[in-house]
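What follows is a single chain, given as C-alpha cells, in the form predicted on its own.
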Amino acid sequence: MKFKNVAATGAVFLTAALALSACSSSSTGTASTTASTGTASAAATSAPLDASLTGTITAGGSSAQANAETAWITAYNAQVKGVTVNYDKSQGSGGGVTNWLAGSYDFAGSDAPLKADQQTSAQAICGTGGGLNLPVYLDGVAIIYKLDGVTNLNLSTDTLAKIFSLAITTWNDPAIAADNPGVTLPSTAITTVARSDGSGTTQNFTNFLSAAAPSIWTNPASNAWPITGNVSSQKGGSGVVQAVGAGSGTIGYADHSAIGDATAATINKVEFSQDAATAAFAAAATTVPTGTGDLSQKFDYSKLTGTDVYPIPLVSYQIVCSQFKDPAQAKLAKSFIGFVASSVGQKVAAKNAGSAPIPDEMLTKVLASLETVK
C-alpha cells in the first residue's frame, strides 16, 4: 500500500502552525484545545507561553521525531519569536541520548526511554533525580518494501520475524504466499534493510519481534540491529527508506512519518492509521517509571490483536533533566516541551508528520511531570 508523505514544508508548515496556534484559548498564548483521540477527555493545557523569552535550545536525537520537530518549532516560534530551537535529527535516538548525557543537549529525542545504566549516568548532569522520559510522539513502525509487480502485501507476525531473521530468503516462500492468497510472488531474493546506528525505531521493532514471535526471533530486544549477513545497514530512518526504494526485493522498517511514498505492508491485515496507533496506546501501554515523575511506557504486545489496532506502535520521548544546572535553560526547555505536550502541539504533529496524538490523559501527566523540573 502506498503512503503519501504527510510532512509539509515552508509556507505550509507555517500556515498549519499559525492556524493551530490560533486555537489557543487566551491571548497570552496558552496552548489549549482538545486532542482528537476519540474520547471526550478534557483538553491538556500547558502553562501560558511567555512570548518575552529569549535564548537557544539545543537538542537532537530521534529521526522519527524529525518532521514533528520541524512543525513544533515553527508553531512555537509563531508565538515565542525570541527562542531558537535547534534539533539535530542526524544523531538518531542513540546519539541523542549520548550527547544529552555528555551535557551537549538541553533535551534528547529518543524512541526508547533511558536504560538503567543511562539513568544512573544521568545523575551526573541532572542530580539525584536523574532524567525524565516524557512521551510526546506516537506513531508506528512501518514495514516498507520494493517488489516489482506487488503493490499490496500482508505479513503475519511470524512471517515478518522469519524474514528479518533471514529464515525466509525469497519472496515466493510458502509462508509469504500463505499470507497473500491470490497474489503472484516472484522468486526474487529478499534483502533486508536495517539501521546501522543506535536507533529507538530498532528498539521498538525488536521489542515487538521478541514479544510477539519469541520462538522465531530469538535475539534480545535492542537499539542495535543484531542480524548480519544479507542485510543492508543504513544510518537513520531516511537512509533505510532510500535504500529500500533504490533496491529490488528489499524490505526494511522505519517510522511511518519518514516513509514518504514508499510502499508499506499491512501487518496481520492491519493498515497503519492515526486511529490504529492511538488504539494501540490505549489498549497496551503501561507506565513503568524509573523514578519520580518519569513516564516511561511499556507495551503489552499480546493485547495488540484487534483489526483496528496497529500491532507495532512507536512511542517517542523528549528526555530532560529533573534538575537543570542552568535555571534559564530549564525555563526555555519547559516552555518548548510544554507546547509540544499540549493538545495544540499534538495537533501540529498529527497534521504535519502524520503522527497520532498522545491521549489527553497522558498529556496531562506529561505536563505535571514537566512542572516539577527545576
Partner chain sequence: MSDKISVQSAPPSSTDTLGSTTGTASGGGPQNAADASRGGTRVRPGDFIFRFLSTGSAVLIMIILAGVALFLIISAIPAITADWSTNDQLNTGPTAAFPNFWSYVGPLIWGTLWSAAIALLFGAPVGIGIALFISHYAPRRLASVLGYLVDLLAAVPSIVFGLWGIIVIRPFLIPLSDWLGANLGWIPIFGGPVTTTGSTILAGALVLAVMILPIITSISREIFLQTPRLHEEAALALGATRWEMIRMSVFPYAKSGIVSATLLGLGRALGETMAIALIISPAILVSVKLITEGQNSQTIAANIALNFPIATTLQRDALIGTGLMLFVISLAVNSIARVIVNAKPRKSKKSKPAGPSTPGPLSRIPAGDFASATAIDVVAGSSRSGKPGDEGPTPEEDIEGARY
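Numbering follows the first chain given and starts at 1. Whichever C-alpha set is largest while still superposing within 1.5 Å between the two forms counts as the rigid core. Only a predicted model underlies this, so the values are computations on that prediction, with no experimental measurement involved.
Although it is not shown, the form predicted together with its partner chain is what the next lines describe.
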Practice prompt. Flag Asp106 as yes or no: does it have a non-hydrogen atom within 4.5 angstroms of any non-hydrogen atom of its partner chain in the predicted bound form?
Written response: no
Residue-level contact is defined here as any heavy atom of the residue lying within 4.5 Å of its partner chain in the predicted bound form; does Asn268 satisfy this criterion? no
- prompt: With a 4.5 Å heavy atom cut-off, would you call Asn133 a contact of its partner chain in the predicted bound form?
  reply: no
Quiz item: Taking 4.5 angstroms as the cut-off for heavy atoms, does Asp294 touch its partner chain in the predicted bound form?
Solution: no
TL;DR on 260-268, 243-251, 149-157, 72-80: the one with heavy atoms within 4.5 Å of its partner chain in the predicted bound form is 243-251
Interface check vs its partner chain in the predicted bound form: of Ile125, Ala224, Ile168, Ala282, the one with a heavy atom inside 4.5 Å is Ala224
Its partner chain in the predicted bound form has a heavy atom of only one listed residue within 4.5 Å, and of Asn180, Ser273, Ser233, Ser210 that residue is Ser233
Within 95-122, the residues having any heavy atom within 4.5 Å of its partner chain in the predicted bound form are Gly95, Thr98
Does the distance between the two CA positions of Ile251 reach 2 Å or more between the shown form and the other one, the core being superposed?
-> yes
| message | For a quick test of reading the superposition: does Thr192 move by 2 Å or more at the CA between the shown form and the other one, rigid core aligned? | response | yes
- Does superposing the core leave Trp171 with a CA shift of 2 Å or more between the shown form and the other one? yes
